[in-house]
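A lone chain, given as structure tokens: the form predicted on its own.
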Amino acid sequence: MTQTRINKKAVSEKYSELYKEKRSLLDEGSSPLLNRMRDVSMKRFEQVGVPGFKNEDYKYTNLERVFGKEYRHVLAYETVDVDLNEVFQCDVPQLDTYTVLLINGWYYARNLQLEGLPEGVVAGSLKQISNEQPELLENYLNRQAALSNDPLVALNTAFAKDGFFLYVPEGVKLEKPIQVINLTRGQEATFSTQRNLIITGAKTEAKVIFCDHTLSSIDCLGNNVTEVFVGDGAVVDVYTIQNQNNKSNSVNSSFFKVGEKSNLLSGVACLHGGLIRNNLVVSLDGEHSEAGVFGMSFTDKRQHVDNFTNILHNKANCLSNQLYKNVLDEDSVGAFTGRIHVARDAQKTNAFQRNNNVLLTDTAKMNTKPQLIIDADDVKCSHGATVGQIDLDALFYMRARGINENDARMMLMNAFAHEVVQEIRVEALRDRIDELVEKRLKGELAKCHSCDIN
């Protein structure tokens, strides 16, 4: 036990020393908006350090083993020796998007010009726009993340220099989704820090797709934070597709602030990776707002995927619906903690949560922990969780009709996952995820097979 405490302290102190050493580099080229938050955020991190098993919110995930490794920290933009627009092409038929690339947490300097964006829409580098148009960010940047007690969110705020920024002014509707392709690339173990900010005004419509990939078989760790502000009467979708090598580790924290009569849909599909922790906080801060939150993961070998959600019903007459499904094979481990908190004045709340999990082996393990905190008295809330194996009766039924066992298992798993996939409101993306899920279940997936990586 003493050794664990010593290791934890040493791991956390390593990042404190790095911060002191690189303090001037972090300020260099960054806007005052980013720099003003660094010192206080680092102090918040140091109070707790890298969370261990004793931290209730991280009790199922050992982050010390990945944060304790030695990494090359990408604290300045690195010129890439090839044109990534040619090296990496996300070729999804019928998926027409505005596409941007980020490399190791930084907005790629040679991104193709985004043509056809509606007037007033601003999309690009968080670093650049915070310097050139700080008035767009000053009322939003770190407003949600600063409310978090998570030390890794504070660590991100201390080190973040760049990421993706999107501003959609009132009344504007984006006809095409914006696709943000996050690429990890390097010759040695790499640590990246990325900060994203999405602001949508009243009565807007926008869809954003984050796609996480690795271009080399290296150990890597990403600590990423995304803040999304959904204006009154807006309809916003944010999808995340995680498809990286099994040496890739990441902590992804997303914060959503949802306005009155707004509709949010947030989904994450974890197809491949090493250790992945997804934190999601949704604050329903306007009456008659709705949030649909869904996720799924497919794990094998010794992969570890942990989803943590916190839905805050702060106003009356709001609806939230959560659905998470996981398929675990071999020695993989999964975790789901889903928290619903209904505030005292949030009467007429409807909040629903479901977590279903299938274990394909006796050595796979799933931890699930649904939570309800209800301070109002006129609400409808429910939660449920199941952990089991493939339905043997259904399997027998299909085999009795001439379907071989492998095909029958595949059909059952596809049907299990499809309930989540069908929540996607972009038809071409929904069809492609269905295909990727099928390949993943067959064990064929190394990368999105429609992507062209030269």
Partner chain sequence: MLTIKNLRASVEGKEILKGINLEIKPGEIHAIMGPNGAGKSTLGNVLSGREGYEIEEGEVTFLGEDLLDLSPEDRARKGLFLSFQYPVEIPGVPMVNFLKTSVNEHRKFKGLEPLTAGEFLKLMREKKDMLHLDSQLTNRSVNEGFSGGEKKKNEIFQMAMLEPKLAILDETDSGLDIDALRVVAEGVNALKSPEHSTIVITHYQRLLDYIVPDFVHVLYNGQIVKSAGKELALELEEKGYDWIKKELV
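No experiment lies behind these values; they were computed from the predicted model shown. Numbering follows the first chain given and starts at 1.
Beyond what is shown, the protein has a form predicted in complex with its partner chain; the following relates to that form.
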| item | value |
| --- | --- |
| Position in contact with its partner chain when the complex is considered in the predicted bound form, options Val48, Leu412, Ala385, Val426, heavy atoms within 4.5 Å | Leu412 |
| Candidate stretches 35 to 43, 50 to 58, 391 to 399, 65 to 73 - the one whose heavy atoms come within 4.5 Å of its partner chain in the predicted bound form | 391 to 399 |
| Touches its partner chain in the predicted bound form: Glu405 (any heavy atom, 4.5 Å) | yes |
